[in-house]
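Just the one chain here, laid out as C-alpha cells, in the form predicted on its own.
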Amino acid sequence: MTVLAPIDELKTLVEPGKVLTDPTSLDTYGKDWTKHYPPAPTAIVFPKTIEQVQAIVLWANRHRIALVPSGGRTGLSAAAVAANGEVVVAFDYMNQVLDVNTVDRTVVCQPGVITEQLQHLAEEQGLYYPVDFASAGSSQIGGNIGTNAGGIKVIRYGMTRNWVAGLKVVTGKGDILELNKDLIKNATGYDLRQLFIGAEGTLGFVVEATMRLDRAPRNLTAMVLGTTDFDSIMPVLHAFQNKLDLTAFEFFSDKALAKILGRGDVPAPFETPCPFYVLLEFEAVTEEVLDDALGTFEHCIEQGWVLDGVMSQSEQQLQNLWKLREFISETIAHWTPYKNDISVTVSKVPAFLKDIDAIVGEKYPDFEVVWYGHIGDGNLHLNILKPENLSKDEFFAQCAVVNKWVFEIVQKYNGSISAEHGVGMTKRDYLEYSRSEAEIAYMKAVKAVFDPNGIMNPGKIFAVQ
C-alpha cells in the first residue's frame, strides 16, 4: 500500500490545482496587512465546499498540522499570518451568495463573499448591510465574523456580531455545527454562534453565514466640523445626539488631515485650520431634521466648541467628506505605522485620551503621532509613524516598550486593548490588560473543547500551550 506524504494527501482532498506551494503564493496568502511577522506557511489550500473544509480539518488532526484561515487578508492584528509552517486555508473559492430572503431580511453567504458585494446585493433589494469600513472592497465575511469587525457605523448599528443570524462551522475536531438556525428568538441554552464571532478561527472555521439586513437609510447627510481642541469633541457629540439619530460620529487630528490633503486628490473641507475634526452623519429625511442640524451647529459655534464646518449638499460631496476619514489608514500606510486600536466607554474618552497622549508625547518625542477613530463609540486609533532613518524592526521594538504604559492606562479605565482589530499575535502578549486571569483560563478551556489537538490558528489570541 502506498502511503502518501501529508501534502500529497492534502491534494487529494480538494480539486486539482487547489494546493499551492510556490514562493509567491506562500508569501501572498501567508500574511495580512500587518508587517510584524514574515509569512512562512508550508502550503495554501483552497476548498470549495463544506465537505472539503471538513476533510482538511480531519487531515490536519491526523497529522497534527496547524491550520490558519485566510480571507481578504486585510487584518491588522496578524491573526491571519502563517509564520510557523502552517497550512493556510484560503476561502477565495467559497464566495457565493446562496440565498436572499427579503421577508426575513437575510442573506446566506459563503465565507469568501466580499463585504462590498454583500452591501451592493442589499442595495439591489432596497435593503442595507451596515457594517462598513475602509477595507470593505477586499475584506471577506468570514474574516469579518472571525474578528467581529466594527467600522464607521457602530454608533448606530453595532458590530458584525449584531448582524449574524446563524452560522455553519467546522470545529477544530472536524464536526459540522449549525448554530442558531437564523432565528430571532431562541432560548435553548448556550448560543455557540457567539463564541465563533471574534474567535479568529481558533475554535474552527466559519463555512456559511446568514447575515441580517436592515432598511436602507434615506438621504444620508454628513457634516465635517473643526473643533477648538479635543475637549470640545464630546460636547459636540452630546449636542448632536440630543437632536439627531446619528449614523456615524468620527474624529481625526490635523496631522491626519494633512496626510490626506497631501495626496492631492481630496479637497479640504474648509480653509480654517483646526487641531481636531469630527465627521458626523445622519438621515436628513425632513426639513425639520436639517434645521435641527444647522441649529445645533450654530449652538456649537456659540459655545466655542466649533470653529468652522460644512454640510454635504450632494452625493458627491458626501463621498468627498467621507474620504477625509476613510482614506487615512490607506494613506499613512506609507509610513509603516505602529497601530493601537483601543477603547473605553464613551464618557471616559476625554480623560483617557489625555492620559494616553501625555505618555505618547513623553516617550515618543521624535515620532509623528496620528490620531483618528470612531470616537462616538469610544474607539480611538493611535498611529505612530516610522521615521525614515529607523529600520522596521528597531521602530517596532521601541513602540513595544511603550505599549506597557499605554495598556496600563487602558486597564486603569477598564478599556480594551483591541476594540475592533482583534488580538492575533500583535496583541496576544497584552491580553491580560483587558481580560482577567480567570477569564483567560476559561477562554483556553473553551478552545480545548472545540480544538483538542490545538491545530486551529495556534498562537493567536494566546500563546501555544
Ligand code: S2G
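Residue positions are given as counts along the sequence shown, with the first one as 1. What you see is a predicted model, and the numbers here were worked out from it, not measured in a lab.
This next part talks about the form predicted together with (2S)-2-hydroxypentanedioic acid, which is not shown.
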- Name the single residue among 329, 312, 110, 119 that comes within 4.5 Å of (2S)-2-hydroxypentanedioic acid in the model of the complex, judging by heavy atoms. 329
- Message: Quick check on this chain: which one of 76, 346, 223, 284 has a heavy atom within 4.5 Å of (2S)-2-hydroxypentanedioic acid in the model of the complex?
- Response: 76
- Message: Let me test this: is every residue among 427, 430 and 460 within 4.5 Å of (2S)-2-hydroxypentanedioic acid in the model of the complex, going by heavy atom positions?
- Response: no
- Heavy atoms within 4.5 Å of (2S)-2-hydroxypentanedioic acid in the model of the complex: which stretch among 38 to 46, 54 to 62, 414 to 422, 401 to 409? 414 to 422
- Message: Given that (2S)-2-hydroxypentanedioic acid is not shown alongside this chain, does residue 339 nevertheless sit within 4.5 Å of it in the model of the complex, heavy atom to heavy atom?
- Response: yes
- Message: in the model of the complex, is there a heavy atom of (2S)-2-hydroxypentanedioic acid that lies within 4.5 Å of any heavy atom of residue 240, even though the partner is absent here?
- Response: no
- How about residue 372: is it within 4.5 Å of (2S)-2-hydroxypentanedioic acid in the model of the complex, going by heavy atoms? yes
- Residues in 355 to 370 with any heavy atom within 4.5 Å of (2S)-2-hydroxypentanedioic acid in the model of the complex: none
